[in-house]
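Okay, so we've got a single protein chain in two different forms coming up as structure tokens, structure 1 first and structure 2 after it.
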Structure 1
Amino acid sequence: MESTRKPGVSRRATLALMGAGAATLAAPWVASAQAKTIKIGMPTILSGRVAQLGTSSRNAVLLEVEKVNAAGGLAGRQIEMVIRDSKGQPQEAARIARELVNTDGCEMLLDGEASSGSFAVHEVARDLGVLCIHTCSEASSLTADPKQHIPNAFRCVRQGIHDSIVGASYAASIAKAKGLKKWATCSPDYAYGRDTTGEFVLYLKKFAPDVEVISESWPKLFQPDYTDVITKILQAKPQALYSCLWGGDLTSYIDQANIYAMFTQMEVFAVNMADYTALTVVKNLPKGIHSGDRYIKTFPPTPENAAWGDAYKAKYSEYPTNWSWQNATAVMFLNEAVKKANSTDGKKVAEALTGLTIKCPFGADGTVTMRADDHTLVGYAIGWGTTIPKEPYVLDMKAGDWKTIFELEAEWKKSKGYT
């Protein structure tokens, strides 16, 4: 076989290229820090019952990453997201997280898992020392419990305890104004439902001591029929009902309770109602259900938030979810932390993230903070309002007071032995 020397590449140029190659091999960090893209791994739930939330997390991350990349990337490195489906199984989430770091070469993790999976990914982060931001788990203990604390993990998510304090304070003000003393609860029978309801009732009684819970119902998760629960609540004749049912379970419950005219017989407080996944699906949304905000583009009532919601809808033809804004915020935090650290090194970024305050469309005052002592998100917009059957779906949002949240959260942590 004949080979001819191609004209144009001189011996001198070849030598120069070899020299450059050798220099790169001798200093690999130069190549990895400057030439390569930066891979960020993300296990999340893309199939099964909560696939919609996982998909909305991926969408939000990609929306924000696109902006960061267009602006030059993280310290000059373009971000490449590696997103895998954990199917909502904790052991699978942990396996994927490990694989993303060890095999795919991801330098950071965004953990888009629900509570059960997030603790598994947290252990992987502890083991590998990789920078990890939890973006979906609302379980308070993930960051409140000092045993869970590691310097390289953060939580960019609303928290159960914050929701309970704000929800109970809002509910107590309505209870006092309308004389609602007899309450019933109806929440799904698993850790989230039991904990959230317990904390809500605890603070409700603290703010309005003459409230009494006269009926409790614990339907199982994904139960198709709530008729027995609904008629039981009607028999008890409470003046108000609290529920933390969510998603399809909540819409089923509303459809079934509607034909019993339940919503005309009592005030209903459903913390997870004001999320587009539920609001846009329920065909006959009753007027006047009290709900906490999950994600709606009218709260906080700022042009930045509305523009973000509209941009998401324009790109994906549906509204964002609660998981969306949290994931978007995580990318915003990473971007700002890398700028502050002027490096993509995980340790330096983690140091920069600690206590960092950034401008954010979802902040109560236009900013959010990654609290230094427990690495968790604070200062996000949190409030309650009442529903109407059409857009904007929720009116009269009353913002929660972060000063009160901080005070009661500190007490709660003490009572749990966390501080």
Structure 2
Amino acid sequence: MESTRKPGVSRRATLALMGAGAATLAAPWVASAQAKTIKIGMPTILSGRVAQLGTSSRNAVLLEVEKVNAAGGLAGRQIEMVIRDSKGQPQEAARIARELVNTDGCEMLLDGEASSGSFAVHEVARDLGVLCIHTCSEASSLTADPKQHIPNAFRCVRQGIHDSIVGASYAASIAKAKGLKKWATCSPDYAYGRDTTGEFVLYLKKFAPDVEVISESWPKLFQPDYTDVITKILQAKPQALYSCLWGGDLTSYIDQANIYAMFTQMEVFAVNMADYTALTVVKNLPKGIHSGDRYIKTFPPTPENAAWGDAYKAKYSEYPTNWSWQNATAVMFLNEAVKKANSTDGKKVAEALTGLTIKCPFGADGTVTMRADDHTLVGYAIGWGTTIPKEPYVLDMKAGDWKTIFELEAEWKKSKGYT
């Protein structure tokens, strides 16, 4: 259990059970409190197939909180993280978020849920008015849809529409070069999967108009067996496959698909492949899968990014993930916003966060911005490349162009009626 204490100050960590018979992973993970502390609550997924989402998010938060506390805290207040397991259940995520504020006295929320839970936590933030930063949900509509907008909620996460624009441009160039006209898709059956796949196909056809999607598969989130999905795709005989499966679902899918030699029969574009949570877990990593960057310490190719990845690995004995850098960046934003506001008051911090640009090791140009109009992260390093089964795992990452992303995203928002 990691401490968030200031060096030289005696602290202790406590783990309080949520009720009689509660399992350890269902309990709040609490870094110890002392005078003048500020509690920040974090609902996330710490058990089940995608537990690494929660554990790598938590680890990154604690790594950055240690730095903030060592430097004096948020406006002189030491941060106390209260982290709980939702088990990936949206209803539980909402219940926990509400309890963190109303019972545990948390003044802010870092929402470490997948998209399925983030929409539920978002409604709690709307109801309670508490400052909330979403740190894992990539469903574009969470911040792009003006119906979702509230002044106290922000998204410090890469966004599906951004990945889709960059990924589709990259895929279209390969499709044209190799004559890949018949495509299949396989993505999880919930908001993130359907939104992101739809956005990718939209831009793939924009950049390569002769592309045709001949098969769609929508496995359930956390589905244990992909045999039916894999055989359906093979029977369709596509030339290329797009997938935004992620985490344990992606690694299970690849391990099962390897049995059928799927990756020798078509070009595969898996947006979530280039992340250590997948790269280091797949039993036999196929060569040549095309992927968007999630987190690898070689992209962006800067000393700051490599140093952060190495520091995380040194502390936790494993590489960080996409969720890690996003959660770390959220703490960086909070720290800078509190400095700007000279206050930990949620409303003042929210005002300071809006439009804020900070130095960040994960920025395309060394900085990232919390965009003012929709409270979402922009300017992060984003690109696509091809995997190899050993370090550095991805070669020749081709960086996306944010000018193009902004232009096409604005068109997309207009087409959806968001602007």
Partner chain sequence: MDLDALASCFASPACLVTQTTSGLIIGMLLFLVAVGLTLIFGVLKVVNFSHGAFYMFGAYFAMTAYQLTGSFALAMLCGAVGTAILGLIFERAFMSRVYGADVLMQLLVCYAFVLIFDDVVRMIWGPEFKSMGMPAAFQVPPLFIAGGVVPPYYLLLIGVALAAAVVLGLGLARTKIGKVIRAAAHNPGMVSALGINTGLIYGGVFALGGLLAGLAGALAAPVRSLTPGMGFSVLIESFIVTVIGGMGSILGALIGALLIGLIRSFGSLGFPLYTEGLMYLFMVIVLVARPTGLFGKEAA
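C-alpha atoms forming the largest set that superposes within 1.5 Å between two forms make up the rigid core. Quick caveat, the model's predicted, so the values are computed rather than measured. One-based numbering along structure 1's sequence throughout.
Of structures 1 and 2, select the one representing the form predicted alone.
Pick structure 2 here.
Establish whether a shift of 2 Å or more occurs at the C-alpha of T280 between the two structures, with the two forms superposed on the rigid core.
Shift of 2 Å or more: no.
2 Å or more on the CA of C186 between the two structures, with the rigid core superposed, yes or no?
Shift of 2 Å or more: yes.
Residue shift check between the two structures, rigid core fit, A306 Cα at least 2 Å
Not so; A306 is displaced by less than 2 Å.
Y253: how big is its Cα shift between the two structures, in Å, with the core superposed?
Comparing between the two structures after core fitting, Y253 shifts 3.7 Å at its C-alpha.
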